[in-house]
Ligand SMILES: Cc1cc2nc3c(=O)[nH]c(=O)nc-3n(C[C@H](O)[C@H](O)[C@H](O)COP(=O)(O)OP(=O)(O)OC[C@H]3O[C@@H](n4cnc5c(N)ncnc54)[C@H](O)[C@@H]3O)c2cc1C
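Before any questions on binding or motion, here is one chain by itself as structure tokens, the form predicted alone.
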């Protein structure tokens, strides 16, 4: 797809975000659910398959363009954007590391079915050293056992690609359908932010999958799929975080240009100007980081991983502080649950955990600097 066509897709996403998502922003947070009508609209517009290859009936958008689309959606509502992030991340791993039989089986479903990529376990978070889910080879396939928690789209997705350990102790990845015998959901998380994004757990009890449901082992080594998924997710999360910050900036600009303190509009006060400027700077820096990471990823430059990690670490911290500045600039009304700023801060705080904590991001950045500095 050429640049002009990609811009047309982004125009369509912009219209969808403004006309369909933004009006539901507050109700999504309050009702803790993305309305069925809104999800059906996403299916109708084929948004779920934005980054699927053309041979699957997708439009094969670059990571750079998909990220920009997520920022647009997140500016309207972050929960919808994070749900799409989980979808896009998983499709990318399926197309990179799947085999032809898997592609043939699932290529049509990416248009109307939610996919998820579970790694986290209760025994040790996302640390692979503590993964206890297993795959045992049997005639004609594998038997999977274990459980996963805190899955983006968990409980809503119908297709999962869990990380497990095989009998040699190495990591493997399998495509699992929610209607397979022995598969079950284990409940939804009651998080205070991103309340519209389904986050839940799954249990695998003697789930049999055919041989071809194993991701192609010739294309990866041990944790390479997990690393690929983490890298893609951090780029996409950077885009979501930029959208959250832009949403906060929208709200504070709208309010401070309407309200006065004496003869001056609030935005004319130097104390408010500092807050607006800081939110704007944080937004622009986050945007530059994720877009640089996406462009590097599209070009096959492995250094994208560092920049993506920076986008996730910096963006999540800045989105929280930017939300706090926006609330302070607006005043007591900003503290009301009837005003968007409250859920923007909660959404941003969730992003300091999702796809790896801020502390983990900083550890990885520091290790890279020590090694390469």
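These numbers were taken from a predicted model, which means no experiment stands behind them. Residue numbers count along the first chain shown, from 1.
The form predicted together with this ligand exists for this protein as well; it is not shown, and the discussion that follows is about that form.
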Requested in this report: Consider residue 124 of the chain shown here, and say whether it contacts this ligand in the model of the complex, taking contact as heavy atoms within 4.5 Å.
Outcome: yes
Query raised in the report: Looking in the model of the complex, any heavy atom of residue 279 within 4.5 Å of this ligand?
Result: no
**Report entry** Interface membership of residue 235, this ligand in the model of the complex, 4.5 Å heavy atom rule
**Finding:** no
Requested in this report: Give a yes/no on whether residue 98 approaches this ligand to within 4.5 Å in the model of the complex, heavy atoms considered.
Outcome: no
Query raised in the report: Ok, 243, 196, 231, 118: which has a heavy atom sitting within 4.5 Å of this ligand in the model of the complex?
Result: 118
Query raised in the report: Of 142, 267, 191, 106, which residue is found within 4.5 angstroms of this ligand in the model of the complex when only non-hydrogen atoms are counted?
Result: 191
Report summary line: Assert contact_stretch over 286 to 294, 249 to 257, 67 to 75, 143 to 151 against this ligand in the model of the complex, heavy atom within 4.5 Å, equals 143 to 151
Report summary line: In sequence order, the residues of 338 to 359 that place a heavy atom within 4.5 Å of this ligand in the model of the complex are 350, 353, 354, 355, 356, 357, 359
